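Okay, here we've got a single chain as structure tokens, the form predicted on its own, with questions on binding and movement later.
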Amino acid sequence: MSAKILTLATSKGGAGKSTLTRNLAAHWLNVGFKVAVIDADPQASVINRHNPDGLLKNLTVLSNPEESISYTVEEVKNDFDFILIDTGGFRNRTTVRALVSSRYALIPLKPSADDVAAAIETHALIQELNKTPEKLSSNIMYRMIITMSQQGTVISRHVRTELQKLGFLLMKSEMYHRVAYPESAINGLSPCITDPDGSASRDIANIVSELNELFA
């Protein structure tokens, strides 16, 4: 059975793509799935911190920040349950090829005007790709997700409301700003591994629960 392929993309850096990629991968690995991450970000944030002998040694991390990423996906898609693709914070051909190779996309955005603009731009790219012959019969299914937010703040609620008014699809769950993420990332890990009963791990579990509904 072919993997569920999820690309994380937005045309702005610093939105939390790599953090979310690492944490989703760790969660799925932790509950027994075979998971691969393809690091298509030239900054290589995921693969540079990954320890192949550490607690996430069973996570397969590949690097391909080139247009040939579609070939990498094709080579490994039957070997895993989930493949996550972390892309750069800008629109380039690698991101386009990653999205074309995917059935699902997550668009992370912080609750800020610049991030909202980038998310809308990325949504437009996805809609553009969905009109191409390659994707007409299997449109990319997307969700926007608010990241690095403070729980219950007015700005997050405002951003969510405005995007929903415009007709965009948002995850109900958010990846809140928690110190556990950067602390665990120092060693290329996730709170799902270092603190499985903590708040950050519960946030990721909630996100995964929604994604499972999307995948169904």
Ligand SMILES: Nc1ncnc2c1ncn2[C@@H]1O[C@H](COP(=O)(O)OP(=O)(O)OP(=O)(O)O)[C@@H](O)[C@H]1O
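Everything quoted here is computed from the prediction, not taken from an experiment. Start at 1 and count along the sequence shown; that's the residue number.
The same protein also has a form predicted together with the named molecule, omitted here; what follows describes it.
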**Item:** Region of this chain that lies against the named molecule in the model of the complex, out of 173-181, 157-165, 29-37, 50-58 [heavy atom, 4.5 Å]
**Value:** 173-181
**Prompt:** Hey, in the model of the complex, is Thr19 touching the named molecule, heavy atoms inside 4.5 Å?
**Reply:** yes
**4.5 Å heavy atom contact, Gln43 to the named molecule in the model of the complex** = yes
**Request:** Flag Ala15 as yes or no: does it have a non-hydrogen atom within 4.5 angstroms of any non-hydrogen atom of the named molecule in the model of the complex?
**Result:** yes
**Prompt:** Would Leu189 count as touching the named molecule in the model of the complex under a 4.5 Å heavy atom rule?
**Reply:** no
**Message:** Suppose contact means any heavy atom within 4.5 Å; which members of 132-166 contact the named molecule in the model of the complex?
**Reply:** Met148
